[in-house]
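A single chain, nothing else alongside it, follows as structure tokens in the form predicted alone.
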Amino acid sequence: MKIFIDTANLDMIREINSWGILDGVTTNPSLIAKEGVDVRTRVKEIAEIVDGPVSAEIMSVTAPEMIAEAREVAAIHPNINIKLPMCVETLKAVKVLSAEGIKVNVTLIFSAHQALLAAKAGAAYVSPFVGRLDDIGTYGIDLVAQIMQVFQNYGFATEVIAASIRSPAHVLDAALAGCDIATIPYDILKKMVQHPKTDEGIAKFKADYEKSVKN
């Protein structure tokens, strides 16, 4: 499973990238707003750090506007792909953009029907929002499993990104479901490294080593 980080913070991206496990980055207007920077400037900066896909969300609302804005943003850097929310206008835009070789990540996916339509239109990625479904009493990971099954049934090349990840358990569930990608917040990535038994073992090994050196 590929691992993306869901942030627009350059320090966080650099740190996780230094681990050697980072495959890409997703951003959104809210994340970039927290950084107090221009969207296009920040996605270019990110693309220069990470050798992998960088999703940049555009905010146009009609297909012609989406297409025009997507072309401009995609031209910033070869690694940049476009994020568009699921709707009829997005499907129209995806059909045109995918034919031009511009990869689109269709987001705000909350049903397998939506994912199927996005894949049919030519989306490179679909992003089911696991945590937001959990918030309303639905098992979000079940949607990921449904989409994976549908895509496998019909041989779609569209990759599935488990988004709205709220815990390490979400990441594990996505991996067990065979999900292609999980886009994970910085704090969750840090938690994935940690385990109390690991900390306990390191402390014991260190103590035993120091005893052996003294002897």
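We number the residues from 1 along the sequence you see. This is a predicted model, so every value here is computed, not measured.
This next part talks about the form predicted in complex with SN-glycerol-3-phosphate, which is not shown.
Engineer: Answer yes if any heavy atom of residue 164 is within 4.5 Å of a heavy atom of SN-glycerol-3-phosphate in the predicted complex; otherwise answer no.
Structural biologist: Within the cut-off, so yes.
Engineer: Can you work out whether residue 31 and SN-glycerol-3-phosphate are in contact in the predicted complex, taking contact to mean some heavy atom pair no more than 4.5 Å apart?
Structural biologist: Close contact exists here: in the predicted complex, residue 31 approaches SN-glycerol-3-phosphate to within 4.5 Å, heavy atoms only.
Engineer: Is it the case that residue 55, even though its partner is missing from this view, gets within 4.5 Å of SN-glycerol-3-phosphate in the predicted complex, heavy atoms only?
Structural biologist: Contact with SN-glycerol-3-phosphate, no.
Engineer: Applying a 4.5 Å heavy atom distance criterion, does residue 132 contact SN-glycerol-3-phosphate in the predicted complex?
Structural biologist: Looking in the predicted complex, residue contacts with SN-glycerol-3-phosphate include residue 132, since a heavy atom lies within 4.5 Å.
Engineer: Please identify, from 164-172, 151-159, 62-70, 42-50, the stretch that has a heavy atom within 4.5 Å of SN-glycerol-3-phosphate in the predicted complex.
Structural biologist: Going through the listed ranges, the match is 164-172.
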